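The chain below stands alone, shown as structure tokens; this is the form predicted on its own.
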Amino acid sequence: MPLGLIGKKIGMGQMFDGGKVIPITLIEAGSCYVIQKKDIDRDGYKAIQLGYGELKKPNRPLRGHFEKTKVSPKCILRELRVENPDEFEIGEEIKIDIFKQGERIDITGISKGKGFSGGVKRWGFRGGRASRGSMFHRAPGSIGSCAIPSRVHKGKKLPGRMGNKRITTKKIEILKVDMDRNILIVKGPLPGHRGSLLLLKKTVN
């Protein structure tokens, strides 16, 4: 199973390759620490729990959880499936060096929330005429039959909450790995705003 890291989105920029502009995203990845190991006998699956970011005021249950690891309390905890949890030690530090330049990874984040949006913005509906007296500009239009089936089908594209969803972008190319500053430079955009949390995992072919 893939190994990965927890990171934070710094922002976007661009690089130049022979006159060609390449959009890039900068990610602060790691360092993460192994906080807990999960096994089939006790938990029903194999995984490791990673911690990221310092937690200044942990509550009593969290203090007890981290005292076993001899690692300072972390504010973010995430699990990653692994084939053999015994290969990792409690308190072990996992750095950005698990990724290499040219490698492709899967990145998961929460997209920007856009609030309540209509059909034109949310789904790209064409809308009606913009002329005066149209009486139909940005309304969704007909959404179901009158008598048969006399209801609106599930999954119909309608106005509602837009964004703020968990999204995974797959096979993102790593353009550069900055070991000194724990920064990954990847190709293209990623979900979320600046400072949002990201989960980076090696792509499974």
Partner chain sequence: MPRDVITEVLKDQMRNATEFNPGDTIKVTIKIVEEKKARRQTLEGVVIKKRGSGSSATFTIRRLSHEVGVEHTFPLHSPNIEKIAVVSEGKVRRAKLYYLRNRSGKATVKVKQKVAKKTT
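Computed from a predicted structure; not experimentally measured. Numbering follows the first chain given and starts at 1.
The same protein also exists as the form predicted together with its partner chain; that form is not shown, yet it is the one meant from here on.
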Evaluate V34 for contact with its partner chain in the predicted bound form, applying a 4.5 angstroms cut-off between non-hydrogen atoms, and reply yes or no. no
Answer with yes or no whether L197 is in contact with its partner chain in the predicted bound form, where contact means some heavy atom within 4.5 Å. no
At the 4.5 Å heavy atom threshold, is I174 in contact with its partner chain in the predicted bound form? no
Distance check, I48 to its partner chain in the predicted bound form, heavy atom within 4.5 Å: no
Residues of stretch 21-44 in contact with its partner chain in the predicted bound form (4.5 Å, non-hydrogen atom): V21, I24, L26
